[in-house]
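Before any questions on binding or motion, here is one chain by itself as structure tokens, the form predicted alone.
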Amino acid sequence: MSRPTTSSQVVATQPLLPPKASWVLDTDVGAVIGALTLVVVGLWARHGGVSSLGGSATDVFTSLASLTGLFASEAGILGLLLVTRTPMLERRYGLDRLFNWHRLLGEVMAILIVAHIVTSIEAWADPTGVMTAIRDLTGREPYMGLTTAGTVLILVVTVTSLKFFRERITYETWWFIHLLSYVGLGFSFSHQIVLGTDFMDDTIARWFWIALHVGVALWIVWGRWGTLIRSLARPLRVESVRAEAGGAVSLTLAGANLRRHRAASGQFYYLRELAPGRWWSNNPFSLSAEPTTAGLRFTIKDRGDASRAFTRIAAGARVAIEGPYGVCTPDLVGDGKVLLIAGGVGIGPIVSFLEQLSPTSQPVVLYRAHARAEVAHVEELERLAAAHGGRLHILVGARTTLKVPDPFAADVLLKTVPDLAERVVVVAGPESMVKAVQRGALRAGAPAENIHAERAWW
């Protein structure tokens, strides 16, 4: 299934340049959030929000409705900015962390929306009554029908993003549902301008709010859809497909565009096969070898419809890539020593990590698998670990058959790696294993800032 590699290709192969460093600082992000919050509170105070708190019950509820509505909009704006995939922001925090913050802000926004609905109904209910207020605010007032529909869509997206539901639906299903959030936000925007006490009679505030939302929308179009268009215009081709242990495959993508590409071991990409029925599916996979001008390798195991399709892909197929993403790269280790822990297909990024480590890293690799047949890339791991003065430990078997109840407990880790506290710890694998390693490494004396995880945000 593999294409032969010519000697000229071997000579020309070079490691890709690393991604450019980010100039973004925590203080920059804090300044943006602080400035937007000050604007929101300032608008509310300027239009009588503070003074209304000392008035009648209707005045209090009107003031609180205004404030919760503004804060809900702020949470939505900040949440959208986090997923624009702005390179400098992603290189500072990593896409997985940005998406988790985005999810948190989405939950906060949903809570604020519910508070906004309750306070708005209470404010409107005097003197007409609650039921009349509900009828007015769900359709009889201008733009409120759209707003009601938009609110329902936003709440549906929020609920389906909770872990309980995410674990029960496919990534593609969740993604299509999540697109409804853009529709919901669009539907809900108009009532802020027409009925909102902060914008209805204040021309400057109204045009500022409109410009802010238009700017965010354009940023999303440039960041998300611009990235998609560029990836579709410069696809790579499947250079080789090699079977690995446990039904996994190593897929190598190649193309002339890689000579201008930047990437580092430990990062991941979104892959989109450009074939009928597959072009719309976009899924994340980690590099499993050092990225070079000869190609990008991914080790993929059948864990659902999307990954199954890539395990059956043929050489020569076109694949659009988006990325690279992720900040868990070898530059976190520098010239220090490292402990690399992998479980399942998490072995892919660990292999790529090994290839770019410094000669002084003395890596200890702990590989956890449920069965010997699932252990992949063993020869590579042994060779690379030995080349850097390190060693490989493979732990195979179901948890109930192991000699220790928790293979990643502090005392167990210290028996295998006595100098663990002096090492940078990198773990890649299922979320339950990542958390177990983090707990064990912390208790074994590793500083929290030296423990890093390569994890999927989904």
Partner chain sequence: MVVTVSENQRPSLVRQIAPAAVLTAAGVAFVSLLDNPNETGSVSLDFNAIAGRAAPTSLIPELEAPVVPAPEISTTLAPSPAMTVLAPATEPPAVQAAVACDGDLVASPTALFRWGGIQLQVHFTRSNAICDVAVLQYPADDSKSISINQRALPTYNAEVIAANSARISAVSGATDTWEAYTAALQAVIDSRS
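The structure displayed is predicted, hence computed values, not measured ones. Positions refer to the first chain, counted from 1.
Absent from the display: the form predicted together with its partner chain. The rest refers to it.
140 is the sole member of 230, 259, 140, 312 with a non-hydrogen atom within 4.5 Å of its partner chain in the predicted complex. Of the listed positions (382, 107, 202, 122), a single one reaches within 4.5 angstroms of its partner chain by any non-hydrogen atom in the predicted complex, namely 202. Heavy atoms of residue 25 reach within 4.5 Å of its partner chain in the predicted complex, making it an interface residue. Among residues of the shown chain, residue 322 is not one whose heavy atoms approach its partner chain to within 4.5 Å in the predicted complex. Among heavy atoms of residue 207, some come within 4.5 Å of its partner chain in the predicted complex. When its partner chain is considered in the predicted complex, residue 418 lies well away from it, no heavy atom lying within 4.5 Å. Screening 77-85, 344-352, 129-137, 169-177 for residues having heavy atoms within 4.5 Å of its partner chain in the predicted complex returns a single hit, 129-137. With contact defined as any non-hydrogen atom lying within 4.5 angstroms of its partner chain in the predicted complex, the contacting residues in 29-50 are 31, 32, 35, 38, 39, 42, 43, 46, 47, given in sequence order.
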